[in-house]
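Heads up, the chain below is alone and in the form predicted alone; it's given as structure tokens.
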């Protein structure tokens, strides 16, 4: 298991066993929804509740340790916070992959044509992954 203790503390979070396991799961899987996190943690913490998972996820998001990826027409997934990136989502198997794109030109165009000040852009591409094509 990776050592996330110092990283959690750097985000002003206590390094509880549950938070360490959430971090480790997201590190190993890349992306996971609440139910997947719950199923994984339940194997190690037999009395953990879904409410505890939600409480920890929300606190970890508030402290920028993890981030939520909102997938249209599907459950949100969570990932460890990292460099700005977009996502590819397979409509068939549900696999979520990261893709690094420079969205500045798109944001600049949107701001110029609408006079809207954009401070964050999230982009999710939907289609079929290589395995499902």
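Residue numbers count along the first chain shown, from 1. Source: prediction; values computed, not measured.
One more form of this protein should be noted, the form predicted together with the DNA, which is absent from this view; the next part is about it.
Residue contact check for residue 112: none of its heavy atoms lie within 4.5 Å of the DNA in the model of the complex. Using a 4.5 Å cutoff between non-hydrogen atoms, residue 24 does not count as a contact of the DNA in the model of the complex. Residue contact check for residue 52: one or more of its heavy atoms lie within 4.5 Å of the DNA in the model of the complex. The closest heavy atom approach of residue 16 to the DNA in the model of the complex falls within 4.5 Å. Just one listed stretch, out of 43-51, 86-94, 24-32, 101-109, contacts the DNA in the model of the complex at the 4.5 Å heavy atom level, and that stretch is 43-51. Of the residues in 53-79, those that come within 4.5 Å of the DNA in the model of the complex through at least one heavy atom are, in sequence order, 54, 55, 56, 58, 59, 75.
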